[in-house]
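One chain follows as structure tokens, the form predicted alone.
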Amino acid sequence: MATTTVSLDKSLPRPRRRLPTWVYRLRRSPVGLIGAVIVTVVVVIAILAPTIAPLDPTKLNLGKRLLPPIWITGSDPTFLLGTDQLGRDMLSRLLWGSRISAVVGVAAVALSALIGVTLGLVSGFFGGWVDILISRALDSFMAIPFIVLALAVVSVLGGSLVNIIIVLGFTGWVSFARVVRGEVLTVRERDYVTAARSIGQRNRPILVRHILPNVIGSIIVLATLDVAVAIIAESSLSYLGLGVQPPTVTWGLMLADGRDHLATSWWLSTFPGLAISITVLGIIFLGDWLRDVLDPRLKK
């Protein structure tokens, strides 16, 4: 029996691989694209800070104190963004400060989400006295201003990186619990949840397989926005002297160091202030785009 060999023309163009849907949506959203670029740059800087920082951020050089940025008369080319009141390189301190902001923002929000999502799922799903107890706890935390509660706890525990993460994590769970509880109250009445109960599934599989996936979009959006809140809170506590303590470099500490030199050395507070503002703005832009993408009510 004769066999026929079919030769394929290798010169024919191969079909192009389609990009993920979120890439097309990001390209069509200038705000989301700007936010994604800012967040990506900050994350890369935080990871590579030990490599790309030109100098040691904690090294003192009193002979070079309060040098202006390179574009101002009297500057030193070695210090592109000038030096602070102790002669430390501003550029290196800005790069290293991004690491603390990234770590505190992500770690604190992860802890808040773990607590808040768990309590929100339990409260919304089971209802009854469990819901009443958790709801009263939510009301109690909401009655106390966030920054006042954080100040009180930090003043007792002391300022350190771990303590700041714990404080921000245990004081920021309220927003997660409220949002998740409200979502679960709606989702638990859906037909697929009723069907899962009718075939004898237990509560835990229903929560994990049917309810949590349907509220994960809101959790992601809220977590993104809360990272910005955590960065501002850490900077505020550090500015007040209750956050991460020297010699660790943070943007909040840099702001605090420059407040006595605003009239003569504006760059000491301006550069860390801009770093905080741009980072928070980028996170907010990214969170707003995520909300548009993940919220089915906003899809066209």
Partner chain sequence: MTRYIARRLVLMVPVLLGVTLILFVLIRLRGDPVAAFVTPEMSAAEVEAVRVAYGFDRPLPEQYATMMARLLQGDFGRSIRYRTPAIDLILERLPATAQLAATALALAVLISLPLGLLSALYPNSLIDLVATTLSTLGRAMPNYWVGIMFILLFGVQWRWFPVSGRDDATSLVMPALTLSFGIATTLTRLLRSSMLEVVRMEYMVVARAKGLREWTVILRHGLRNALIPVLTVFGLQMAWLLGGAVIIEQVFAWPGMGRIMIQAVQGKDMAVVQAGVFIFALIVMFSNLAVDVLYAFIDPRIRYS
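If you're wondering where the values come from, they're calculated on a predicted model, not measured in any experiment. Positions refer to the first chain, counted from 1.
Another form exists, predicted together with the partner chain; not displayed. Remarks below refer to it.
**Student:** Within 4.5 angstroms, counting heavy atoms, which one of the listed stretches 216-224, 88-96, 180-188, 152-160 is next to the partner chain in the predicted complex?
**Tutor:** Residues of 152-160 come within 4.5 Å of the partner.
**Student:** Give a yes or no on whether each residue among W266, G273 and F285 has a heavy atom within 4.5 Å of the partner chain in the predicted complex.
**Tutor:** Checking in the predicted complex: W266, G273 and F285 are all within 4.5 Å of the partner chain.
**Student:** In the predicted complex, does R209 have a heavy atom within 4.5 Å of the partner chain?
**Tutor:** Output for R209 is no: heavy atoms all beyond 4.5 Å of the partner chain.
**Student:** Look up in the predicted complex whether S140 has a non-hydrogen atom within 4.5 angstroms of the partner chain, and give yes or no.
**Tutor:** Yes - in the predicted complex, heavy atoms of S140 and the partner chain come within 4.5 Å of each other.
**Student:** Does A195 make contact with the partner chain in the predicted complex, using a 4.5 Å heavy atom cut-off?
**Tutor:** No, A195 sits far enough from the partner chain in the predicted complex that none of its heavy atoms falls within 4.5 Å.
**Student:** Please check if I147 has a heavy atom lying within 4.5 Å of any heavy atom of the partner chain in the predicted complex.
**Tutor:** Heavy-atom contact with the partner chain at 4.5 Å: present for I147.
**Student:** Have a look at V39, L26, L55, L255 for me and say which one sits with a heavy atom within 4.5 Å of the partner chain in the predicted complex.
**Tutor:** That would be L255.
**Student:** Just to be sure I understand the contacts: of I70, L60, L262, I47, which is the one whose heavy atoms reach within 4.5 angstroms of the partner chain in the predicted complex?
**Tutor:** Of the candidates I70, L60, L262, I47, L262 is the one lying within 4.5 Å of the partner chain in the predicted complex.
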